[in-house]
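What follows is one chain in structure tokens, specifically the form predicted alone.
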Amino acid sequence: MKEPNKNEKKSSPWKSLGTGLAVLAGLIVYAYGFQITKIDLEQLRSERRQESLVRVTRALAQPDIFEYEQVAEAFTAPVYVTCPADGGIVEAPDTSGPYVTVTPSCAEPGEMVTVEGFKFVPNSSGPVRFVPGSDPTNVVELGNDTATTDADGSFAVAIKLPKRPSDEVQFIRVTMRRNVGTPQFTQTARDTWNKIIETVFLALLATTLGTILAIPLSFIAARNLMKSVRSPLTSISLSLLGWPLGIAVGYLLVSWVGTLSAPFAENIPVNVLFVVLTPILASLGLRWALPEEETSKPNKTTQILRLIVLFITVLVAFYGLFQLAHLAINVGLLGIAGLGSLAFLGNFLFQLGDIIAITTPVLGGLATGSALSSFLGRTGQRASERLAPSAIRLLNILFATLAGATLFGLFGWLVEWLYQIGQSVYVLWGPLIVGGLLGLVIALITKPKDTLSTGMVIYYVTRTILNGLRSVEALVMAIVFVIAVGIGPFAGVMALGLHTIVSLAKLYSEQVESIQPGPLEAIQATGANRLQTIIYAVIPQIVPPYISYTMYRWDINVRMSTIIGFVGGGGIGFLLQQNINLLNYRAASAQMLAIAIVVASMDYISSMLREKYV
């Protein structure tokens, strides 16, 4: 007798019951899914739907790419409606060339007759029409059938005679069309080519813009780089106060510099002169204001003079940027007017100048905000290191309260701008009081000499913004930008560019987080600052994956640009949607074929580049 194995587990009826119930629950879920998604194969077996499916499939299989020049020849055959008393005697046709016969040659209205043709060009086609009256050139058409010749050049088609009785002879006209010459591209093919080129460059510009802005964002969205960033509360508070003040002052000041350049906006020689002189003057000013080596510490007067010269040098540099913008605009206008087929080069210069003119005040505001925030932050850092804890606590209470009130006040202003509440208690005084109290509480519970993890705060804020924007599809972004700049590829570039920024910033930052920590620690051990650490320890490790991600993103943007065209974002998607709405499936097939070819080509090219450079 076989002894029972103690290691064997006895089958439990409860376990079997649980498995059965799980299977039953899964079946119920899928059954309900069938109900919700309305799966019904009876629709597929519908004769009407099958005919439509066959018709559309055949149209998609014949993309409208090539066409021939066609020659049309008309042939007529007499017919009587109704039969005359003499029986409707019809003369025999001339059979030396193509000819048409009607059998019977007379019939009552509504009866069917057979129209036959002989000696035509094989595989040609054309309409068969009834022409009333005794004049065969009459263009009034009552019937509309199509005749297609076989390999022998013959055809036979039955038509129904209309209710147009007459004692006079009437006619059946057959207009046969035949192809001549060599195949040519259709208008659909030419339009498709233009739009697919637009699609490729739309994706290229969006990828370039997104990559440029995503790279710096990726460093502040990387946990390993931001985790070690810590600052005392005094430094944080002063930095927060410096940003809005510096941005406002810098923007207004640089805008004022722009008004000084306006009188010479259309004077090309003056534009050239300032574009040439500005780098020279700026270089001389920076060398004097920021000398590389000094044997002794300068006196107060020299320090003040250097600050004044540095300030003037910065203003001169921004003035030169405005003159550069005016020069690009003026040269661009000349190029648009005189370059003919190369006028796109002039348009490029014009748009580039316009971009410089618009962004220069913004850059001035950001630069001033960054500089003031950095200066105040360093001042707070030095104060927290040198002053007594009691003095630091007073500074923390003062500046943290002001920083909290400022931050929440700006948030309240944004809420008022978005929702137009119109209640100052809720959008002005309320946020100011809440922010000030929050800053005061943080100052009271924080020890004077403690440092706070500002890097992680920046990390989480950046990540939250990136995740929020990435959750919005480029299609929705395109709708917003279409409202802002109008229907066309420009809206598509902006939508894809923004989506590229947030997507690549996440991919890039994750790659930064996965780098080897050894080189990072080695560079930091030498006393390198944060910028030097990034340049010498981070960038060498991330260049290959950054190139790979950028190429892959271009591939994605090419495919996405075919979709955003459906909402007016330019590219071939707009043309594809138009032809689908018009039920012009042959033209739509040509666009889908072009999309498939471009996507496949992009995948092949990007794989080759990744293999070579990554």
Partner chain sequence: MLQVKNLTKIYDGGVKALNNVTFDAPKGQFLAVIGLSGSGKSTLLRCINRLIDPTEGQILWNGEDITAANPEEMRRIRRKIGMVFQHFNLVHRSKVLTNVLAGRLGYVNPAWSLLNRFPKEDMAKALQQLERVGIADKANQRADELSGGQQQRVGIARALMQDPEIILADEPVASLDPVLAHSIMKHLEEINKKDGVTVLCSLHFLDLVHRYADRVIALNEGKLVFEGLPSEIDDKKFKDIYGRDAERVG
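Rigid core: the largest C-alpha set superposing within 1.5 Å between the two forms. Computed from a predicted structure; not experimentally measured. Positions refer to the first chain, counted from 1.
Missing here is the form predicted in complex with its partner chain; even so, the following discussion is about that form.
Undergrad: Name the single residue among 390, 467, 529, 299 that comes within 4.5 Å of its partner chain in the predicted complex, judging by heavy atoms.
TA: Of 390, 467, 529, 299, the residue with a heavy atom within 4.5 Å of its partner chain in the predicted complex is 529.
Undergrad: With its partner chain left out of view, choose which of 147, 240, 504, 537 has a non-hydrogen atom within 4.5 angstroms of it in the predicted complex.
TA: Looking at the other structure, the residue within range turns out to be 537.
Undergrad: 118-126, 506-514, 404-412, 382-390: which one contacts its partner chain in the predicted complex at 4.5 Å, heavy atom to heavy atom?
TA: In short, 382-390.
Undergrad: Please tell me whether any heavy atom belonging to residue 449 falls inside 4.5 Å of a heavy atom of its partner chain, as the geometry stands in the predicted complex.
TA: So residue 449 does not count as contacting its partner chain.
Undergrad: Do residue 86 and its partner chain come within 4.5 Å of each other in the predicted complex, heavy atoms counted?
TA: It does not: once its partner chain is placed as it appears in the predicted complex, residue 86 has no heavy atom within 4.5 Å of it.
Undergrad: Taking its partner chain as it sits in the predicted complex, is residue 524 in contact with it (heavy atom to heavy atom, 4.5 Å or less)?
TA: Yes, residue 524 is a contact residue.
Undergrad: Taking the shortest heavy atom distance, is residue 163 within 4.5 Å of its partner chain in the predicted complex?
TA: It does not: once its partner chain is placed as it appears in the predicted complex, residue 163 has no heavy atom within 4.5 Å of it.
Undergrad: Check each residue of 267-289 against its partner chain in the predicted complex and list those with a heavy atom within 4.5 Å, in sequence order.
TA: 286, 287 sit within 4.5 Å of the partner.
Undergrad: Spell out whether the Cα of residue 207 moves at least 2 Å between this form and the one not shown when the two forms are superposed on their rigid core.
TA: Shift of 2 Å or more: no.
Undergrad: After fitting the rigid core, is the C-alpha of residue 313 off by 2 Å or more between this form and the one not shown?
TA: Comparing the forms between this form and the one not shown, which are aligned on their rigid core, residue 313 does shift its C-alpha by 2 Å or more.
Undergrad: Align both forms on the core first, then report whether residue 529 has a C-alpha shift of 2 Å or more between this form and the one not shown.
TA: The answer is no; the displacement is under 2 Å.
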